[in-house]
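Encoded as structure tokens, the following chain is the form predicted alone, with no partner shown.
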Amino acid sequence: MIQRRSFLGLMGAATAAAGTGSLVLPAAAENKKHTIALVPGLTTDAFYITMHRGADAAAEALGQDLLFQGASEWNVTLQVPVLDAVIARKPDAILIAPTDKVQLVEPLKKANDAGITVVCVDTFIGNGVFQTGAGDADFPISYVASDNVLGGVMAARALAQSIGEKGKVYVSNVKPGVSTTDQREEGFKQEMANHPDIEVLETQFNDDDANKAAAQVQAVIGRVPDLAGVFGANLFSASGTANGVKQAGKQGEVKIAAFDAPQSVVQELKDGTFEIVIAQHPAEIGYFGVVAAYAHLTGNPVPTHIGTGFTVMTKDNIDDPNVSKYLYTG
């Protein structure tokens, strides 16, 4: 019976399957069918579409029902009503990418108080450290995500090298209070402190609006004509910045390190728009999120933090199938 398997056993099987790209677990012998809901940060992003596919694969392999419901924009005021509607459907577990680490605490408490298992995927509430018995945001059973601080560090190293270890750079970010992008900025600035000839300018917040990110980089170029590089802390920040750099006629002069990897980054790497792209593994996040929820629901212990990997993409490796398989698909 699958109830007797440890979570680590499930994870090992899942990891082996994920490594082959098949994302298939051994068949479950569990009689009860649970409903597990996935509430993404937004439904229109290839990252979350890919996460949905991973979650769906795990639910199918385990014989569980998956409910997918989210807002079309990254917005707390849109996500909370969606969450309330999901809670009203009384699923056994909710996987959620909270759009704010503070404002989603109380709405998610409603789920927890209703006996619904909560798992944070990609983003988190509070400080992301759960099941400690301290604080009012430690009730989720687990946080499943890539190491966003390390991703920011890797982006900084690549950008520093591409601009010759000197010049002015800035971070194009979403808004304060988003756990993942806060961490990416943290890692980027942490690493840039090791490059004394690089000046990090004030962060520009774009509210997850690519057009705003494009306008911001053009404004910065107007004020700082010797701008050397930008770190786009998520998909819309990076793509918007790339468009703004092109419109300013600075493609190739202003180097861009991008986080997240839709199909469009292939050409942007090859034509020099992006120096590096940090690709998360959203299918694994969704997959292991479902596995964690299911393991908990069937009485198995679950790690409070499950780390997934990321892949560094450059123009030199993007044609490698072992790299390109991690592109997000819409």
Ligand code: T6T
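Throughout, we count residues from 1 along the sequence that is shown. Owing to the predicted nature of the structure, the values given are computational and were not obtained by experimental measurement.
The same protein also has a form predicted together with alpha-D-tagatopyranose, omitted here; what follows describes it.
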So in the predicted complex, does Thr180 come within 4.5 Å of alpha-D-tagatopyranose, heavy atom to heavy atom? yes
Classify Asp45 as contacting or not contacting alpha-D-tagatopyranose in the predicted complex by the rule of any non-hydrogen atom within 4.5 angstroms, answering yes or no. yes
Would you check, heavy atoms only and a 4.5 Å threshold, whether Gln64 touches alpha-D-tagatopyranose in the predicted complex? no
Any of the heavy atoms of Leu235 lying within 4.5 Å of alpha-D-tagatopyranose in the predicted complex? yes
Which single stretch, out of 180 to 188, 221 to 229, 101 to 109, 126 to 134, brings residue heavy atoms within 4.5 Å of alpha-D-tagatopyranose in the predicted complex? 180 to 188
Establish, in the predicted complex, whether Asp147, Glu284 and Tyr326 all lie within 4.5 Å of alpha-D-tagatopyranose, using non-hydrogen atoms for the distance. no
Out of 58 to 95, which residues reach within 4.5 Å of alpha-D-tagatopyranose in the predicted complex, heavy atoms considered? Trp74
